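Shown next as structure tokens: one chain only, the form predicted alone.
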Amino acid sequence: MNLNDTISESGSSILYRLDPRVKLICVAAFSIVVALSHQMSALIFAVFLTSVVVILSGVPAGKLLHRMIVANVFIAVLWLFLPFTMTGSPLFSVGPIEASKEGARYAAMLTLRSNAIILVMIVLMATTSVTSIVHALTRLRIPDSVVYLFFFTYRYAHEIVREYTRIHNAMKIRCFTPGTNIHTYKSYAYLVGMLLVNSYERGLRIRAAMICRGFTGKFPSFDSPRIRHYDIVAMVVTALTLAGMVMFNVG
């Protein structure tokens, strides 16, 4: 099950009707500016902006919240280390360990930066089908090898997870109990080996099936998308917003 299946619903908002090329350009430019931002005010504005975009996109709040929680679990680990490992003005202390204001500020900036980029990427994937993204990347002159790597990774990542689950369940049915011993290490090594072999064989079967269906190295497109007036408006608004964020950082 992919992100488009679990989040995207009606497709009634304006974001669904934007040209995929415009969305990719806007998301890429926004992500670059946010990643390079070093002012707290600019990052807070970026999170506010992406929150507004999420509301406009109509993405279901429950499913979005679930994904944000999963992403922020990894970000929370930074808060366990950065405030205590960066030198600076003392903020508070836990026994002999002292946290610094600079470390806490840096962790907060990373949290805001990560959430802003994650939110805008979720909106992109929720409002645009993978097929549309692939065709948009091709029209933007992205190398075919990169485009197909993205598409097949997205398309078959869940198949690898399903294969891993199948093999792992087979091990548990045979009363496998993991531990800290040679048998456990060898068993997991065999699992990884079988996963690689099965994935390779599946790749060969998929390639043969595509060739049988006349695949010539290009995904055919039967539509000719045009840049409409609201696409131009979206790009202008994005450009003005990013210019404002740059001014935040310069100021």
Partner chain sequence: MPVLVTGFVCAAAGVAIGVKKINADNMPKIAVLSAAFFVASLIHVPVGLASVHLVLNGLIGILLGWAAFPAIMVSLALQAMLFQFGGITTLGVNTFNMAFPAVVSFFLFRNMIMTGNKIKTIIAGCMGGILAIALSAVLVALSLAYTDRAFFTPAMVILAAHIPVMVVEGIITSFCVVFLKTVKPELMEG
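Numbering follows the first chain given and starts at 1. C-alpha atoms forming the largest set that superposes within 1.5 Å between two forms make up the rigid core. What you see is a predicted model; the values in this text were computed from it and never measured.
From this point on, the text means the form predicted in complex with its partner chain, which you will not see here.
*Asks:* Is there a heavy atom of Leu149 lying 4.5 Å or less from a heavy atom of its partner chain in the predicted bound form?
*Replies:* Yes, Leu149 lies within 4.5 Å of its partner chain in the predicted bound form.
*Asks:* Even though its partner chain is not shown here, does Thr85 get within 4.5 Å of it in the predicted bound form, heavy atoms only?
*Replies:* Thr85: contacts its partner chain in the predicted bound form.
*Asks:* Is there a non-hydrogen atom of Phe92 within 4.5 angstroms of a non-hydrogen atom of its partner chain in the predicted bound form?
*Replies:* Answer no; every heavy atom of Phe92 is more than 4.5 Å from its partner chain in the predicted bound form.
*Asks:* Does Val197 reach its partner chain in the predicted bound form, with heavy atoms at most 4.5 Å apart?
*Replies:* Looking in the predicted bound form, residue contacts with its partner chain include Val197, since a heavy atom lies within 4.5 Å.
*Asks:* With the distance limit set at 4.5 angstroms and only heavy atoms considered, check whether Tyr106, Gly179 and Val192 all reach its partner chain in the predicted bound form.
*Replies:* The answer is yes: all three residues contact the partner (heavy atom, 4.5 Å cut-off).
*Asks:* Which pick from Ala99, Met171, Met121, Leu112 sits with a heavy atom within 4.5 Å of its partner chain in the predicted bound form?
*Replies:* For this set of options, the contacting one is Met121.
*Asks:* Only one of Leu56, Ala35, Leu65, Ala209 gets a heavy atom within 4.5 Å of its partner chain in the predicted bound form. Which one?
*Replies:* Contact check passes for Ala35.
*Asks:* For Leu80, decide whether the Cα shift between this form and the one not shown is 2 Å or greater, given a superposition on the rigid core.
*Replies:* Yes, Leu80 moves 2 Å or more.
*Asks:* When you overlay the rigid core, is the Cα of Asn169 off by 2 Å or more between this form and the one not shown?
*Replies:* Stays below the 2 Å threshold, so no.
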